[in-house]
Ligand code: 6PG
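We begin with a single chain expressed as structure tokens, specifically the form predicted on its own.
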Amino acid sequence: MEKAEIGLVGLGTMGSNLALNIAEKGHRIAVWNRTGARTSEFVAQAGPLADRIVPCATLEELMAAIEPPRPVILMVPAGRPVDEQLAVLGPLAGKGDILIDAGNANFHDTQRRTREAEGADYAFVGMGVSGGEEGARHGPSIMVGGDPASWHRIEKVILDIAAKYEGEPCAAWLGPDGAGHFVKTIHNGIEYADMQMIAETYGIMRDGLGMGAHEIGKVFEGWNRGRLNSYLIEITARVLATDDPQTGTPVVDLILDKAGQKGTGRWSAIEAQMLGVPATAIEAAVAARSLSAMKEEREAAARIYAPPAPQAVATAAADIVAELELALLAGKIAAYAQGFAVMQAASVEHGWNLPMATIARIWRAGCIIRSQFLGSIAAAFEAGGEIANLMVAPAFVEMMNQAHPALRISVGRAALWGLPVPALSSALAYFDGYRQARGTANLIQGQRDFFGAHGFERIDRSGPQHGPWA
């Protein structure tokens, strides 16, 4: 029997779709699932693609079915299941084989597994895959970390199955060990901020302007034809336009307001804190999801506190909506600036040499935060020179100068109306803090020296100083 080019372990939703994608692109793939019945079911449902799929009853059979050196993708839940799978597959792997974790792993685990593989025959690769179920099936954005030799072995398959933007594959090798999974984590952090800002903008229209779901959906549909064109804006319009078949009510009005999270957004906020890089919009989005889960407490508080009194609105609703478009653009720029700043700091900290322009390019299709906006980010990094922060890149200076007044007005209006906009307001505070040449930390340093003799620097002399508090 003809050998497979690659193997895959784990035929859940993502694994199944990725396997079908690989087969559809002309590559022969061997598959194994812990439950054998699932393997048989998967092949039976694969249709004409079944000819390129080799079902395996055991892991030994899986390894024997692949052409050496054998790459095997693990599509199992992050954490302990990956370690358990490596413990079984490791002894079966030969010299040059590659075990690829394609789940949402914590990059610290990926670094550890890379070190553990140094004494084994196989190489370990951490591969971030973005795009959800649809992306896995038809073309995701893929972020690979590991040694270059392993990348070259799997490069053709990965580039073939990746999403394409104007013919360019949205996949790349980004650096050693945990680089790929770290970039995927920050991608998800930006995704959290982007989604939260969209939800806050929806809330201003729903609760501040009294607009219905369909009307708001039309707004987002229009925005998607302009500067905010992106996957998240597109699907927001579609979600808001969809009615429940049973009741005829907009589905969004029937959904409980408790947002779930799987950890990657929280990890991105934690890593930003550990690196000392402000990522306030991401942090606010993570906190907002946690607050949303406190449904019963929020309902109890709502019974205690009277709702804010209606405000007289002198501005026409259409003008407020136009301001919201610019406000969302400004918030989005700040969130992306924070995410890329975190990646730049991590690149230095871990010696990854992350290619920022490449990251922006491979996010232009296939992933959840894909948007036309990313082309401008790639161009900014490709223009040459050191970019301390995207907000000071010329193209983004122009955009922020146009958009930040609307962000200020929108945040202020939401505050007066009693509407929570944590991510948008955090983005505004970040922008204002970043562009403030002399801030207020001088007072904090004075306080620290007063109670703890921590010392401070003066603007008129060098060296550590203490105040005359005593």
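Just so you know, these numbers come straight off a predicted model, no measurement behind them. Sequential numbering from 1, following the sequence displayed.
Omitted here: the form predicted together with this ligand. The next part is about that form.
Stretch from 182-190, 342-350, 290-298, 147-155 whose residues place a heavy atom within 4.5 Å of this ligand in the predicted complex: Answer to the contact question: 182-190.
Which of 104, 114, 376, 224 has a heavy atom within 4.5 Å of this ligand in the predicted complex? Comparing distances to this ligand in the predicted complex, the residue within 4.5 Å is 104.
Scan 264, 201, 110, 236 and let me know which has any heavy atom within 4.5 Å of this ligand in the predicted complex. By the 4.5 Å criterion, the partner-contacting residue is 264.
Residue-level contact is defined here as any heavy atom of the residue lying within 4.5 Å of this ligand in the predicted complex; does residue 260 satisfy this criterion? Residue 260 belongs to the contact set for this ligand.
May I ask you to state whether residue 131 is within 4.5 Å of this ligand in the predicted complex, using heavy atom distances? Result yes; residue 131 sits at the interface with this ligand in the predicted complex.
Just to confirm, residue 368 within 4.5 Å of this ligand in the predicted complex by heavy atoms? Close contact exists here: in the predicted complex, residue 368 approaches this ligand to within 4.5 Å, heavy atoms only.
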